[in-house]
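To begin, one chain is listed below as structure tokens, in the form predicted on its own.
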């Protein structure tokens, strides 16, 4: 077996998450070495801990073994350098945009926090509700598989309906199309104890197998952190922008900066930062109180090269609406201004 023949066999392997591209075209094959009866393939990954690494190794071994029996196949993993990683994600996003059945969704915006407990899902739900009030077609993909809260915010407990063409999402009171793993569980309190690869496949299925129809905006509620789920969304969905959510403390800002650096690495536009729980307003005198001390959000924005597009106060009325599944009934001038800025950054 010659090295050129090995490359030819590897060109038949489609990336599991980017079916339009093969491993060679994606620049994932660093080198092929043929020595005696052994074929060694050096496989370059965007991150060494990507959840599909074992699947890729098995695909390479099975393909070469079928091409030429009796050969020993070894696969060595290396991490892509920054230039190759940028090219990989650029090809990935372009490939996703060129799939015809996905063109019905005009704009996809992910809401990301890096840190948990900052109100990311609430901001995602509020943004979707505000967009819907402008008579736009809106959907929410709840990618927070192990901590799904979107159905509760919208008061949903019905299961999606399957059809021969795909899964029909649940529709909220105002007409927002929603899919979440909690809508598929027999008991909403049942924990989702899944490992990274299964979580990643579920997110990909939520994008590919759901009949989203004609949407102006799809809002993706990401889980906290920069691990498998976030990487899957940024690699498998043709994102048009990411909105970061933080709180005033520098601790939250530090984690948000990690998320911002990940977004830059993958070359997805950063839409700005929303500071949640920024302050509380005294119901008697109207004075603002900084419960978490002076805000560090402006500093965070400057460090990652973006700006604060809105600061949300702690609002007890919003908490009540979220607990009763009525988040769509909330509106404020701050929310509408944030929505306007996002639409300006991603014109339809």
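Residue numbers count along the first chain shown, from 1. Heads up, when I say rigid core I mean the largest set of C-alphas that superpose within 1.5 Å between the two forms. All figures in this text were calculated on a predicted structure; none of them were measured in a lab.
Keep in mind that the form predicted together with adenosine-5'-diphosphate is not shown, yet the notes after this line are about it.
Student: Within 4.5 Å of adenosine-5'-diphosphate in the model of the complex, heavy atoms considered, which of 238, 119, 196, 137?
Tutor: Filtering the options by heavy-atom distance leaves 119.
Student: Consider the chain as shown here, without its partner, and state which of 55, 30, 68, 315 has a heavy atom within 4.5 Å of adenosine-5'-diphosphate in the model of the complex.
Tutor: Checking each option against adenosine-5'-diphosphate in the model of the complex, the one that comes within 4.5 Å is 315.
Student: Non-hydrogen atoms within 4.5 angstroms of adenosine-5'-diphosphate in the model of the complex: do 262, 300 and 303 all have one?
Tutor: No: none of 262, 300 and 303 comes within 4.5 Å of adenosine-5'-diphosphate in the model of the complex.
Student: Please pick out the stretch from 129-137, 109-117, 183-191, 264-272 that is in contact with adenosine-5'-diphosphate in the model of the complex, where contact means heavy atoms within 4.5 Å.
Tutor: Contact criterion met by 109-117 only.
Student: Flag residue 277 as yes or no: does it have a non-hydrogen atom within 4.5 angstroms of any non-hydrogen atom of adenosine-5'-diphosphate in the model of the complex?
Tutor: Looking in the model of the complex, residue contacts with adenosine-5'-diphosphate include residue 277, since a heavy atom lies within 4.5 Å.
Student: Under a 4.5 Å heavy atom criterion, is residue 322 part of the interface with adenosine-5'-diphosphate in the model of the complex?
Tutor: Looking in the model of the complex, residue contacts with adenosine-5'-diphosphate include residue 322, since a heavy atom lies within 4.5 Å.
Student: Could you confirm whether residue 249 comes within 4.5 Å of adenosine-5'-diphosphate in the model of the complex, counting heavy atoms only?
Tutor: Close contact is absent here: in the model of the complex, residue 249 is far from adenosine-5'-diphosphate, nothing within 4.5 Å, heavy atoms only.
Student: Though only this chain appears here, would residue 226 touch adenosine-5'-diphosphate in the model of the complex if you measure heavy atom gaps against 4.5 Å?
Tutor: Contact with adenosine-5'-diphosphate, no.
Student: Heavy atoms within 4.5 Å of adenosine-5'-diphosphate in the model of the complex is the criterion; list the residues of 8-24 that meet it.
Tutor: The stretch does not touch the partner at all.
Student: Superpose the two forms on their rigid core, then report whether the C-alpha of residue 292 is displaced by 2 angstroms or more between this form and the one not shown.
Tutor: Yes: residue 292 shifts by at least 2 Å between this form and the one not shown.
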